[in-house]
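Next up is one chain by itself, shown in structure tokens, the form predicted on its own.
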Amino acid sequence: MSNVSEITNCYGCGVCTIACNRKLISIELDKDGFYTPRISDRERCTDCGLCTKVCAYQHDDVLMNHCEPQGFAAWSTDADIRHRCSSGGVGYEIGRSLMRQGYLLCGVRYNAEANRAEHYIAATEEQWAASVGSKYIQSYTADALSKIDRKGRYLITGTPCQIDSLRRYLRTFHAEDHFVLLDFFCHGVPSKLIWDKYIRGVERHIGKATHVAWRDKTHGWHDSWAMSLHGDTDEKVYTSRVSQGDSFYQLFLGNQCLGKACYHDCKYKHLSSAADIRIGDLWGTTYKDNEKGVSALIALTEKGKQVIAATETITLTPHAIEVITEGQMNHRLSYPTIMRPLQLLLAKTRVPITWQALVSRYVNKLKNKLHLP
């Protein structure tokens, strides 16, 4: 394959958009609500192959450059930052430390107007604050990636598949030395159609959503699978926890609405990563009584070790990798069993149906079961 025109159900990382010298590639939502590449003018494509060269989806391996990994339990020394962040605030503090060393930061913020997560570039600590907190939806990357100068110095954070493609891109143009790459233990990305439907339901109660927090730690870190959405109508706030049957989290954590690549083609579990640093929540027994939030932090490269050592605003406690990865998914997902009878039925009857429709059926069944609106 000489270009991405025939790719479907990929990671949607968007790195192909900046690899194309002719700027022919865009990233758009497909019918199931996942980002996918589109070539605007196939006749102008020279089949140079750069877009597939940088595409992690097109390669069976992960572009790793690892040393002996070092694992830590970690958290911000600033109590307010630790509280506002999903776990221990380590990703934010690493970014802030690198910014003080002259780096620009490419992270993810939530755009309430467009109801989407999107990568952006922060040049100040005030701008970087928008990256605080996990965002459990697929991020739109193309606009931010197009602004990156390969001669500059950047921290780039993202899902493991996004970072793998970025590593391939930077290596192709001999620019790796200028960049620090950070990923996280990734559960998968859900359909934006599911998120849009969820938001529409919430906005019937609070008006236009102006702020979303996916991991509200009001009830503690271990019960922080909690939505908190602020509306523009009389300052109304909608809160909903997975422990109380939140419909979005039931679908997301139940693996019912993720991209097909998350089931079939994810190769990034455990320590399989192209990043310099991997972070996440330090689940498991070691910190089971901690409710303030603890980050799992792993240095995967010598550069990653140096960056962590230079971050003075975090508390570090070394642990064996087995402790750091406890509670994380070590294997790729399989299709949820509730989907299989539907798929078998549809295969027999030859009735055309989209992935969106399959998920919609499950949403309705789940909501009826949980007595949700």
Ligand SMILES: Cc1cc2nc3c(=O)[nH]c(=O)nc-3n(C[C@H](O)[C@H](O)[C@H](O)COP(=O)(O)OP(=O)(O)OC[C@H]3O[C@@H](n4cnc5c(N)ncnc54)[C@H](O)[C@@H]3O)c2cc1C
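Heads up: residue numbers just count along the shown sequence, starting at 1. Bear in mind that the values here come from a model prediction, so they are computed numbers and not experimental data.
The discussion below concerns the form predicted together with the ligand, not included here.
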Counting only non-hydrogen atoms, choose the one of 101-109, 142-150, 200-208, 169-177 that falls within 4.5 Å of the ligand in the predicted bound form.
-> 101-109
Give a yes/no on whether S87 approaches the ligand to within 4.5 Å in the predicted bound form, heavy atoms considered.
-> yes
Contact label in the predicted bound form: V132 to the ligand, heavy atom within 4.5 Å | yes
Though only this chain appears here, would F184 touch the ligand in the predicted bound form if you measure heavy atom gaps against 4.5 Å?
-> yes
At the 4.5 Å heavy atom threshold, is G158 in contact with the ligand in the predicted bound form?
-> yes
A122, I277, V212, V189: which sits within 4.5 Å of the ligand in the predicted bound form by any heavy atom?
-> V189
Across 288-313, the residues having a non-hydrogen atom within 4.5 Å of the ligand in the predicted bound form turn out to be S295
